[in-house]
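Encoded as structure tokens, the following chain is the form predicted on its own, with no partner shown.
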């Protein structure tokens, strides 16, 4: 009966193209699908096919769409940010593993993890400006505030690289630690935080030259960041340890931890700021954390190897900033 009820709801969703106001999207990277979750009922209400190996998502600069990267079919699926309705498919985006728009909205960048290159596009029309081949499994992206530079972690080679967006030239490439993954530019535009999935914490990097300014132990398999929203605190998933840490980036310390088993990975926060949703890569589930209590209050079954997660924004009219995303079983991306 439960399966029949879910199927009925899914049919309605597919027919109308309209999601519930509290819907959450979860990318099932090993199942070529994405789940639609009702936040209020804590249940999967639909599951839709999408290309092959979807990992990460990003909001368009105009705030109207969320783009899902399908790495094996070399395309982006655009969904309406309010309703989840399918709007378009952008072809010939090669291996779009991690995705990013520059803060000024002029550049779109993809890290081709499987094919070892970074693509820089003019965001208007997704016109390719340059393809940069670089060994070492390009993984995650971050930008400086003035939209001149994109920073790319290279998981296999343990390096962080910086590229000029306008010229596509390599500015610098430096070793920073084992299996770097998530990277985020702090609001002061003077510090990059990089998570070291092959180690037990993060490093603080100078964006001018890649020099390491400090480090912080968080937990084994430190992997990906998500901002709390106050410009100071960030969540960090520790995939191997099975925890999520809350970081104070002013004092550079761990404020608290919450245990989330099964390879916690990508995250998003509900629009009211009360819940953190975290994909559990190895359990086929997504966890819901009460942020005030830093306590898991639910764990919802989804598809195989859930990676990116995103809250639909029914009242949105403006850009929402970059969506984080992440791998397939047996890999460290």
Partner chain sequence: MRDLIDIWVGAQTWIFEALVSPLLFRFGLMAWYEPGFNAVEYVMLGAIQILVIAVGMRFFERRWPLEKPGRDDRLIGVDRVYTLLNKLGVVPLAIFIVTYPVVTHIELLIRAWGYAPPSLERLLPWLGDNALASFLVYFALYDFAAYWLHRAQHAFPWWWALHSLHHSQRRMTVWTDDRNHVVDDLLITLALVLFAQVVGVQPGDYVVILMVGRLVESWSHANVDVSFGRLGSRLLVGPRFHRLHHALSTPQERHIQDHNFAPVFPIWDILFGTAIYDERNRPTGVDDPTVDADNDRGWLAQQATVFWRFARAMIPKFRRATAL
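Residue numbers count along the first chain shown, from 1. Predicted model, so just to flag it, every value in this text is computed and none were measured.
The form predicted in complex with the partner chain exists for this protein as well; it is not shown, and the discussion that follows is about that form.
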Worksheet item: Can all three of 149, 164 and 206 be found with a heavy atom no more than 4.5 Å from the partner chain in the model of the complex?
Response: no
Worksheet item: Though only this chain appears here, would residue 220 touch the partner chain in the model of the complex if you measure heavy atom gaps against 4.5 Å?
Response: yes
Item to complete: Please check if residue 301 has a heavy atom lying within 4.5 Å of any heavy atom of the partner chain in the model of the complex.
Response: yes
Fill in: Contact flag, residue 190 vs the partner chain in the model of the complex, heavy atom cut 4.5 Å
no
Discussion item. Test of understanding: in the model of the complex, would residue 275 fall inside 4.5 Å of the partner chain by heavy atoms?
Written reply: no
Fill in: the partner chain in the model of the complex: contacting segment from 168-176, 67-75, 229-237, 100-108, heavy atom within 4.5 Å
67-75
Fill in: Heavy atom within 4.5 Å of the partner chain in the model of the complex - residue from 115, 123, 212, 216
115
Fill in: Residues of 29-43 having any heavy atom within 4.5 Å of the partner chain in the model of the complex, listed in sequence order
30, 31, 32
